[in-house]
Structures are given as structure tokens and as C-alpha cells.
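So this first bit is one chain, no partners, the form predicted alone, shown in C-alpha cells.
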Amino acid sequence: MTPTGSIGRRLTLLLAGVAALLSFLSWSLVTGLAREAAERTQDNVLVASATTIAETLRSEQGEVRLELPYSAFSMLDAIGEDRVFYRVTAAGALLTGYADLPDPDKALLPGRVHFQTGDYSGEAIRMVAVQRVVLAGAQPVPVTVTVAQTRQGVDEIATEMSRLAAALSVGFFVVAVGLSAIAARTSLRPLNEIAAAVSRRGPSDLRPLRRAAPAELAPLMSALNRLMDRLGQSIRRSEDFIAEAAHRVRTPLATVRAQAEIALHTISDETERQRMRGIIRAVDESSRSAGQLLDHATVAFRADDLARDPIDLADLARQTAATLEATAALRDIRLHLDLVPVAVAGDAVLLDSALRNVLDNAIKYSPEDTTVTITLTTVGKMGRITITDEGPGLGDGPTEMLTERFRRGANTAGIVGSGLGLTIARDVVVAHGGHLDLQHGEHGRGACVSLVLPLA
């Protein structure tokens, strides 16, 4: 199955996208608040400056007098190195300051402060105007105090705050991405634990999963448990079918062979006898194939959940040889055992099946009145059980080919066989962590098949 992407990567990217959006929003908010705060500070200072100037207004001899206080302009220096402009008018007449400074864009009320933004001398300015009524003699005279300042300082403060906010936002984004990756891995940990729990099981371990998991994974665990239950039922049905099929095939074949043997002894015509021998041969081949197919299926099922029982290969070899001794005696073949105790850990049923198939091959392919030798040795950390015969050998082709299913050597024509014996032996030893070693016998005569298994 081709992966379509990583959930962890998708979740991390999604959280990173959210973090990027929040970082941008925080930068925009901080930048806006910084500019607003700088502008408000400038406005407050301008109001304080204009109010200070207005408070120094007085009347002398019927005229409005003004002494500009130093403090009124020194407080504006705190904003930055901006230029400051001012103008004071009494009843529309200029008392002091810049005559061309823009007038307020609306009528002023005494005691009220008016803010205005505009341009002066080619620069953007922020201007505040305050009006105060001064009694000059018996006449009230409206006096307007206007103070303006360029906005470079405000812009510099806002820019500096924007840079600081950008740096903080980038730092927040980097930290958020790292935390998002950690959060994604943490969130997916239960799923990985379930996958690890399933992968650690043997193929035949179909017990239901019993693990604490988030509610979101409950449907997945339920589906897995239902699948394993159905799979277990299917495997059990397959095993029962194979065993039943082998039994139902072997029993009729044994009956047919017995009847054919009886018929062979009652027939005198040589042509009919040849036909009957052909029938017996076909029945033997079918019976052998059915038996080996059952062995092969048994290996396939048991190898997935391999037992690790202590086994003495010497005892196993003696028992297997004893079961085939009658078959060997029919052809005057002697079984010679050269055994030493060798302990391995494994499945006795599978190891017996492997050894029996190899030994049966040796007996089947050996000429009459010969010897099949079973030798048991240890080499390093491996036990080696070797079956040597005096038959036609392994042929001229690659020996590895003979372990493939239904493959037989070119020199086995006329001998009943299914091509599964060495396949079964190879699968069994590989399942036990060993290997099957095929060699030609001494002087090019016979075959030497070794089952190499790790020691217990």
C-alpha cells in the first residue's frame, strides 16, 4: 500500500498554520497598539505644552502679554528630535510664532482642546489648538495657542515597536512549531502503541486488543478486534479443512491401493498386470503428494507461531528412523545412526516432519541393499544433522532449485515423488533460524542433505 502522507506532518503543519496566523495577528495588534500609544503620548505632550503656554498669558495695561516658558517646549523633546512649531494669536492678531502655521479647521471653544493632522513645510505634523479668554482692560480677548510637531519621532517609535513585535512573533512561531510537533507526536502516540502491539504479535496471535486508548481510537480497535476474530475463524476452518481433506483423500487412496494389490496377484495376463502396476504407482504418488501437501500446510501454519521447546536431536533422529525402518527394510536399505546429544529449541512436530521428509527421500532414491547414514554433529553454535545416501544424487542443475515447490531433479524420472520434501525441510529449518545445506555425496555418488539448526 502506498502511503498518502503523514498524519503527524499534517497535524504539525495545521498547528503551524494556526501559529503563523496568531503570530501575524499578534504582530498587527502590537504594531497598531504601539503606534496608537505613541500618537496618544504625542497628543498628551502637545496638550500639556499648549496648556502651559496658555497659562502664562496675562494682561498688562490693557494688552495681552506672553512669556514663552521653556518647559513648554522642553517636554516636546521627549518625543524625539522632531521640529516644533507654535503660534499665539489674540483676537486674530499674531502675538508670536509662525504666522503661516495652518489655522484650526473648525471654530474653537474656550477650554476645549482641538487636535488636527496636516502638512507644514513639506512635513506631516500633529497640531493642537487651545483657546483662552484673557481680560485686556474691560474687554475679553480670545487668545488661541497652537502648538505643532512633526511625526518622525512617532513613526520611529512605531517602527521600533513593530520590529520588536515582529521578532517576538517569529520567536513565538518557532516555539509554537516545535510545540506543535511535540503535540502531534504525543497525540499519535496511542496509535503508534497500538501498531507496535499488533506488530509484536505472531501471525497466529489473534487475541483481541486490550489497551487503554482515546475515545477517537475506539472504533479502530473495535474494527481490528472484529477483523482478528474473523481471521481466526477463517484460519481454524482452513486447518480443519486441510486435515479433513487429507484424511478423506488418504483413506480412499489406501483402500484403492489395497484392492489394486489384491487384483495384481489375481491377474495372470502381463499386460493387465502392467496396467495394475501403473494404477498402484499413481495411487502411491497421489497418496504421497497428499501427505506432503498436508505437511507443507502444517509447516506454514505452525511456523508463524513457532514453539520453542527443548529438543534432543539425537532422540528425534532415533524416533524418526524407527518410523521409517520398515519402509527401508522392504528394500534392504540399512539405516546407520552416528549420533551425539545435541540440544536445540524448537517445534518437535515440524522438526520431525523435516527430518522424515529428507530421510524418506534418501530411502526412496537409494538403490536396494545400500546404506543411509544419519550423522549428528555440532559446529560452533550450530547443530548439524546430515542424511547421506547412495542414490542418483542431486543432478547437474543448481541445488537451490531443488528446494522450490514441485521441483525435482532431472535424474529422478521413474521414481514417485511430489517435489515437496526438500521444500518442507527448508521452510522448517529457516523458521528455526537455520538453513538447509545440499551437497553431492563423496565421489559424486548420492546426496548429502544437512539440516543446520542453532543450538539451545
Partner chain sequence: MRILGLALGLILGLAGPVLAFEVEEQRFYPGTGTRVLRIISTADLAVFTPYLLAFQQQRPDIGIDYTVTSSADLAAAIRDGAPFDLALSSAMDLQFQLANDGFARSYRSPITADLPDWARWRDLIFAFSAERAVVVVNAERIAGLPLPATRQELIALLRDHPQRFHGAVGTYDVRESGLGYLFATKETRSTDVYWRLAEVMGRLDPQLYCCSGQMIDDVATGRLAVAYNVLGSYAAERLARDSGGRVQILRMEDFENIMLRTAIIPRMAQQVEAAGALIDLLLETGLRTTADDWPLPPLGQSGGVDEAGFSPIRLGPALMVYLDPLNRRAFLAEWENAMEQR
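All values derive from a computational prediction rather than experimental measurement. Positions refer to the first chain, counted from 1.
In what follows, reference is made to the form predicted together with the partner chain, a form of this protein that is not presented.
Pick the stretch from 147-155, 170-178, 215-223, 106-114 whose residues have a heavy atom within 4.5 Å of the partner chain in the predicted bound form. Comparing against the partner chain in the predicted bound form, the contact stretch is 147-155.
I'd like to check something about residue 82: if you look in the predicted bound form, is any of its heavy atoms closer than or equal to 4.5 Å to a heavy atom of the partner chain? Flag for residue 82 set to yes.
Report yes if any heavy atom of residue 259 sits within 4.5 Å of a heavy atom of the partner chain in the predicted bound form; otherwise report no. Result no; residue 259 lies far from the partner chain in the predicted bound form.
Distance check, residue 349 to the partner chain in the predicted bound form, heavy atom within 4.5 Å: Residue 349: no, not in contact with the partner chain in the predicted bound form.
Wondering, does residue 139 line up within 4.5 Å of the partner chain in the predicted bound form on heavy atoms? Outside the cut-off, so no.
199, 74, 255, 233 - the one with a heavy atom within 4.5 Å of the partner chain in the predicted bound form: Filtering the options by heavy-atom distance leaves 74.
Answer option from 47, 430, 68, 37, heavy atom within 4.5 Å of the partner chain in the predicted bound form: Checked against the cut-off, the match is 68.
Taking only heavy atoms into account, state which residues of 82-115 are within 4.5 Å of the partner chain in the predicted bound form, ordered by sequence. 82, 83, 84, 85, 86, 95, 96, 97, 98, in sequence order.
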